[in-house]
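In the form predicted on its own, a lone chain appears below as structure tokens.
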Amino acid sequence: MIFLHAVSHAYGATTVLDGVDLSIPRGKLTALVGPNGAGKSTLLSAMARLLKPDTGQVMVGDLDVLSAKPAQLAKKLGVLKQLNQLSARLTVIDLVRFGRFPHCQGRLQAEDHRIVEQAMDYVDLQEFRDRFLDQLSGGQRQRALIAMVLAQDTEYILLDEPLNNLDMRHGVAMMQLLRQAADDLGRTIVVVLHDINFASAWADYLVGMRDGSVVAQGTPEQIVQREPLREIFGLDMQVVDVAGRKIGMYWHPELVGAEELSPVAVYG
């Protein structure tokens, strides 16, 4: 599991993480949800050691993230941030091969090539292997980045808003892929999401954040309820059941009456 204790961080006088205590279950897909400025991406960065928190402890399995050697951490934890500076003249296969660097320092052996091909197959990108990244759609680029992280072959994967700039169809496809990776490969995946209903539909566990603190955590059935959603988002939502999942319906109460709402959800 991923364990955080008393993790705090501030930028000047602004506190962005406020004494976070959290245990993220192993082998599950966990979604960090909350409004803008809640601290979700900062918390993910602390887990990944992309920033060093002012106080607290972060453990990934039995590894102390803040004191581990970089090579140790890279074999334990794969990370994909929102902003990825990629060369347009890089091919898909070359990008995915970068995922093996912690294991072979760029000198790929037969086993490295096998794992790369396995990752390419898993995200269904073989037909695009020799395409340059600027020749791909946004959804295809995201799949290529996921393939690179899968090729890193870590037990833990952290993804910061992987649905950014994806339309609904590609967003559903991405969540299906992450769901499959958690189930089939036994990976522990933590993903920052903005849409509570994507989180409810695909994740095993939800962590609700607001103002730098964890204000609710649990299964989608526990979190997608009116009181926890009000605590996380500051909105009064109607909660409905769709295909066995809880869905939050958000609206302006002065403009739309609850009796006029009908749930609409899209699933793959």
Partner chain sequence: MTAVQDHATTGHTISANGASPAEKAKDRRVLAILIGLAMLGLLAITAYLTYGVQGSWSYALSLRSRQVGSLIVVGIAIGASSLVFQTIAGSRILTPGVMGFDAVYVLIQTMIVGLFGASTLQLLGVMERFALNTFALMIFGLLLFRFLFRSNSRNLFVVVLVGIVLGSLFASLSTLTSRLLSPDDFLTLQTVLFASFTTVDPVLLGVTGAATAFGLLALWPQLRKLDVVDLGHDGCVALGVDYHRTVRTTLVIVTLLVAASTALVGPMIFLGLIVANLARQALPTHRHTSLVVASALIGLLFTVGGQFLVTHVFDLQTPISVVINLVGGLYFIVLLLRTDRL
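On a predicted model such as this, the values are computed, not experimentally measured, just so you know. Residue numbers count along the first chain shown, from 1.
There is another form of the same protein, the form predicted together with its partner chain; it is not shown, and what comes next is about it.
Segments offered: 68 to 76, 162 to 170, 194 to 202, 134 to 142. Contacting its partner chain in the predicted bound form at heavy atom distances within 4.5 Å is 68 to 76. Its partner chain is not drawn, but in the predicted bound form it has no heavy atom within 4.5 Å of E155.
Although the partner is absent here, D183 lies well away from its partner chain in the predicted bound form, with no heavy atom inside 4.5 Å. A residue is said to contact a partner when one of its heavy atoms sits within 4.5 Å of a partner heavy atom; T91 meets this definition for its partner chain in the predicted bound form. When contacts are judged by a 4.5 Å heavy atom cut-off, Q126 counts as touching its partner chain in the predicted bound form.
Contact residues in stretch 33 to 50 (any heavy atom within 4.5 Å of its partner chain, taken in the predicted bound form) are A48, R49, L50.
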